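Let's start with one chain on its own, the form predicted alone, as structure tokens.
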Amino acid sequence: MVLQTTVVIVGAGHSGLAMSRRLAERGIDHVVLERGEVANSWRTERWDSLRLLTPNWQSGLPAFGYAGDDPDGYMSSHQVADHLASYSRAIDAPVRTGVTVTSVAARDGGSAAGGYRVTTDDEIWDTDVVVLANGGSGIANLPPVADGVPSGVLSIAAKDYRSPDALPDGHVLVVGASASGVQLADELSRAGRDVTIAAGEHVRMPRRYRGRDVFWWMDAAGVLDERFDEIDDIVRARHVPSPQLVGSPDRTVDIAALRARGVRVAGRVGRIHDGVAQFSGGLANTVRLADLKLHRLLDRFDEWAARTGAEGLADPERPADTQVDAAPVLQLDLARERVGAIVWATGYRPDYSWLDVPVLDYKGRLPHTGGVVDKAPGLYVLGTTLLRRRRSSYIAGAAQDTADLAEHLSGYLAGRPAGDSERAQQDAEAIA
């Protein structure tokens, strides 16, 4: 039997649920398909100690603000999952759990303008619109050098890491110095492990500045409201690493903090060959650039505070510039240093392996204009980095993103030729 609805949303994370609420507000019938349970990735694909980078007060969703007693705290991954499950119940979202989408294709093999057929492992849906809300972290983005890891060393992506005890004994090499990389290096070091972190491009950011959380500053100073069409190189901006932050109000974890804990810092991994990891010699330039960008951001905060006369702020106190060894580590003999595991904190990419619509570019990326897929009418994407504005990268960004895209979606449906939905229903009934 072929089922019929106006909109199919793929994924019941924060973006999919927020879009469900927006469609319900407009009376647009829809269904949300989720391969696991609501907020599945938060329950099954996060390490045990993970906490949000954003404070709890920034975790609101359409018609559902944060109602806990710790607005300045940071939710654990399981608390996020519970938060989203509560939201799903509160808005009575039409979620069908345990349903894996295996194909999204133009209906009847025609053009996307004729609607879509969504095939799952349980049922088939014909629909006018599909919203891809399966998130941007479906697949670990391991670099080609990972293929050179010798068989005696555990090679694991950050999304598969759970705790220090789950790794084999020995030295640990963490590759990547964005939020995940520095957090894992810090946790492993605190657990008594010898750790080397390979740091490529990274974004240094203090947890607090002048007595306020850095996200308070980015919200107040308008950083999070910068739109995708105001940024010169949006493709590059969408691939900038996440900031070096940890979900704790009194700790900053960056290269300097890791070095103070005894973590060895090397440059970007260039090659792993014959059991030896080789690193770039440009670490000093890498940290210098990160420091420069940090000071530019803090300058912007200070300028905003002076311009607006913001009160209750502490005096400016800048972090010291990052120091690294004059003679950087250029190679690591994995056997000699007893490296038992390499953890790849090198980012993620969305999983569109089931998308049978010819819209991906030669790198497998999905081109879109603020969430509106360029070459497929009626196809939308949500939940990816810098989708419509900088706040899109975080849970709270879903409120504005879904408001914008639901408006566009509603207009798209209103502009369809008369009779299309009726004809699709008749076709579905005939096939069934």
Partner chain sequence: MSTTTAPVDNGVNSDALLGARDALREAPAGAQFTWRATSEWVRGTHSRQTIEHFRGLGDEQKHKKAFVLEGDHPEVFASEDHAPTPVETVLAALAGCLTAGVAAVAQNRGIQLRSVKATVEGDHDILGILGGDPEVRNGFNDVRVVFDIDADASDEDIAALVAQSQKRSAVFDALTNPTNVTVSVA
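Residue numbers count along the first chain shown, from 1. Note that the structure is predicted; figures quoted are calculated from it, not measured.
What comes next is about the form predicted in complex with the partner chain, which does not appear here.
The partner chain is not shown here, but in the model of the complex it comes within 4.5 Å of a heavy atom of Phe279. Residue contact with the partner chain in the model of the complex: Arg236 places a heavy atom within 4.5 Å of it.
Not displayed here, the partner chain is kept clear of Ala90 by more than 4.5 Å at the level of heavy atoms in the model of the complex. Interface residue remark: Asn285 is counted as part of the site for the partner chain in the model of the complex, having a heavy atom within 4.5 Å. Proximity to the partner chain in the model of the complex, taken as a non-hydrogen atom within 4.5 angstroms, holds for one residue of Arg251, Arg307, Arg296, Arg336, which is Arg296.
Among the residues Glu201, Asp160, Asp351, Glu226, the one placing a heavy atom within 4.5 Å of the partner chain in the model of the complex is Glu201. Heavy atoms within 4.5 Å of the partner chain in the model of the complex belong, among the stretches 93 to 101, 270 to 278, 216 to 224, 134 to 142, to residues of 270 to 278. Along 358 to 393, one residue reaches a heavy atom to within 4.5 Å of the partner chain in the model of the complex: Tyr362.
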